[in-house]
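So this first bit is one chain, no partners, the form predicted on its own, shown in structure tokens.
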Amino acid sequence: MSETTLTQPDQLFADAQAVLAGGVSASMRLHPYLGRPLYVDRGEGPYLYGIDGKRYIDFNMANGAALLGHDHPAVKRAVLEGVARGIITAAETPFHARLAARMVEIIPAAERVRFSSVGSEVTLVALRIARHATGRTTYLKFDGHFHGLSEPWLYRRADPRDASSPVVPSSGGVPASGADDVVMVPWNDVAAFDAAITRHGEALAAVFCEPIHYNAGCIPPAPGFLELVRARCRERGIIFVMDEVLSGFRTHLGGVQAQYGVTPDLTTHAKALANGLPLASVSGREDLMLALAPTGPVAHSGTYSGHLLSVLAALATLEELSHPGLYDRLNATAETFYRDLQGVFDRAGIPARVQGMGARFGIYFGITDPVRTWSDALDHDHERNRRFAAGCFARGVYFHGYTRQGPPGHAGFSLAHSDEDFAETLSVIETVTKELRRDA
């Protein structure tokens, strides 16, 4: 056992704050309800093991990246093959074209593919392509939809409950002038979207969306809404971009676009693409994708873009996800678990709403009506969520906390979670909800 594993988590966090900005390598790793990160020693299937050796059934799964489970044997074999080849960086291999060919087969929008490392970069590249193709600069995004942490996406409503309030930066260091390029409307609001298209359509380069708004828990598209967006973009010559960084492979091998039969012009992927290794892609129509250098004038490159270890992991991941009947089983498991989870809250008399599709879901405390927009989720009860997450954590079930305000963020399971894991989880949650009820 290493010296690190002997260190208590609170002391480790105190030491980390002396050398890491904020004590963490990424802001979201600080669990707001624990007051520190979960320090992990190892992962195995559906489990994380803390540095104290305690086992947790994981319902974060690397922010959704580890769809197959932690330490998946096929993915590990693929990565070790890449290590044996010399950890090749900044070079093309036959595996890159092989992975792109597989993505062209399964993703409706993909006629050409370009790899990168992280989701934030490929959404930025998609916007760059759209601006070049249309000669326009303005873009539309939906309230609360998350497209990464590059500058175009770091804007929000000054008053999140007022759709007419001005758009302002959501981060320090982001210029207020950039808000002039952003049009924001509520998700699933047909009237607001059509009004924005009528007013701004001739100036819009792109419309971006999370086709399932998982970053606010789980808010699916209303019936016909994706079709409406697709139609309006086509009418006005606007590039329609589906950000499937989180939704990709969650409900269907071809993503939400395949599930709903709505094909965007461009799409982005990351997260589950390589089952936890850093890999992202932008793909789409051939004419748009060929605008990228070296065939066109739109800049994109990177030393680590399409790192071979990640590409090999992605090939192994997609092979596993392509097994016949896999998504039928995944979606059936999801439907049963979400129904049973809602039943636990209902029996305990805890006001909460479970919304999930495929392998990701959200729990909205203090809300019982359907959550259709980001603003519907603003009344999520974070204090009750804190007590819920802490109670589960103490009993070996891990739900990550992303924020202390607004929507709750997302949770999810992996294909490694067994019936026994779900049963244990529901038993733990039943105990915790009784405590929540008693303390109310």
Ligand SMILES: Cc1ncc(COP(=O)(O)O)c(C=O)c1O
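Just so it is clear, the model here is predicted, and its values are computed rather than measured. Numbers for residues come from their place in the sequence shown, where the first is 1.
Just so you know, the form predicted together with the named molecule exists too; it's not on screen, but the next bit is about it.
> Want to guess which of 229 to 237, 145 to 153, 256 to 264, 168 to 176 is within 4.5 Å of the named molecule in the model of the complex, heavy atoms only?
Result for this chain: 145 to 153.
> Does any heavy atom of residue 246 come within 4.5 Å of a heavy atom of the named molecule in the model of the complex?
Residue 246: contacts the named molecule in the model of the complex.
> Give a yes or no for residue 120: in the model of the complex, does one of its heavy atoms lie within 4.5 Å of a heavy atom belonging to the named molecule?
Residue-level check for residue 120: yes, a contact with the named molecule.
> May I ask you to state whether residue 141 is within 4.5 Å of the named molecule in the model of the complex, using heavy atom distances?
No.
> Just to confirm, residue 215 within 4.5 Å of the named molecule in the model of the complex by heavy atoms?
Residue 215 belongs to the contact set for the named molecule.
> For the stretch 181 to 212, I need every residue with any heavy atom inside 4.5 Å of the named molecule in the model of the complex, listed N to C.
Stretch hits: a single one, 210.
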